[in-house]
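Below, in structure tokens: the form predicted on its own, a single chain.
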Amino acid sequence: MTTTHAENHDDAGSPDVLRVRDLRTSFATEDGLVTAVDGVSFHVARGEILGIVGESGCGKSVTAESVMRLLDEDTTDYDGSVTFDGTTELLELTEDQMRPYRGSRLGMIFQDPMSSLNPVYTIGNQLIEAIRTHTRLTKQQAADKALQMLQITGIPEPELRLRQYPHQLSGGQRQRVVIAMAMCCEPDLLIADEPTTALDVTTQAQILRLIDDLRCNYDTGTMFITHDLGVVAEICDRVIVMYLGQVIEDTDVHTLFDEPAHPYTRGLLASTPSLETDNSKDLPIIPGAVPTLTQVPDGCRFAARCPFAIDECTRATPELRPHQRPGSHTAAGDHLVRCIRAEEIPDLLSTGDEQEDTDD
């Protein structure tokens, strides 16, 4: 695991750029109100990269879109608190009040850069428009800024790229353009929604380094959404793991890999190949499938797939609570887990005392 920025960044006294408390995002459907994000809480400090991890459908992207208020207001219901820069409650803003924040103080990088770029306008036109929308720069000053941002992203021949159209660029180059567009107004918060998924390994590594450099240079707080734990280890300072709309574990990146507490987190890590993985053996899998949002089970939402589940797990809904085992290097309160058996699991593993009926 590489050294993360958190070890070199003193954020004591650095206020959180984003603080989310008990966020609930629900959608009106033919089957009634469906809650995709259910009581999610986290914070992002300046200069920090927070990883948000989980399987498809766990609520990662809906959480990001809720912060940005990108969801259809006619069919979406929000509850809870999303506080930006310690003062602004984003969920209380009207659409007209919210619009100046997007692109200026809140930047977002999407998974597919082609969905963020207009195919009929040049890269230069799109960057200049984004800059002038949120600043008072002249057209020439905006053009100079656009060139500077492409240079910062390390895109080859930036002068040429300004005159080209999105289809003339490679996937990695388009992603650099989208990053330049998201960072052109030096936002306080950057949301990156699986920005490296469609890229080859070499380009992915370059994009990760770029995002890390930008947060160091601009002290930008970053929400980095991914399903790739290798990416988490590479770039994140802290991590929240989500399952079926809830946060089930919240800790620093080292603790997540060294001392995972939730059975779901353990399953994700065990099913991720590494350099030490024996290719002659099949990787373990998490049994079963994620329930649908219209059929959320009572009690712990992971219980049906958990090898450590007991009857109590299906009756009582566990709270996200502080977790610390004897000998742990993590301070009390810095590791949160939504599991009533979290402290027992290491001992159960050492004795092989798992629930046989979930091993099928």
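Since we're looking at a predicted model, the values are computed, not measured. For every residue, the number given is its place in the sequence shown, counted from 1.
One more form of this protein exists, namely the form predicted together with a small molecule; it is left out here, but the text below deals with it.
Of the candidate stretches 308 to 316, 42 to 50, 295 to 303, 24 to 32, only 24 to 32 has residues with heavy atoms within 4.5 Å of the small molecule in the model of the complex. When the small molecule is considered in the model of the complex, Val67 lies well away from it, no heavy atom lying within 4.5 Å. The small molecule is not drawn, but in the model of the complex it has no heavy atom within 4.5 Å of His335. Residue contact with the small molecule in the model of the complex: Ser61 places a heavy atom within 4.5 Å of it. Taking the partner from elsewhere, Leu320 is found to have every heavy atom lying beyond 4.5 Å of the small molecule in the model of the complex.
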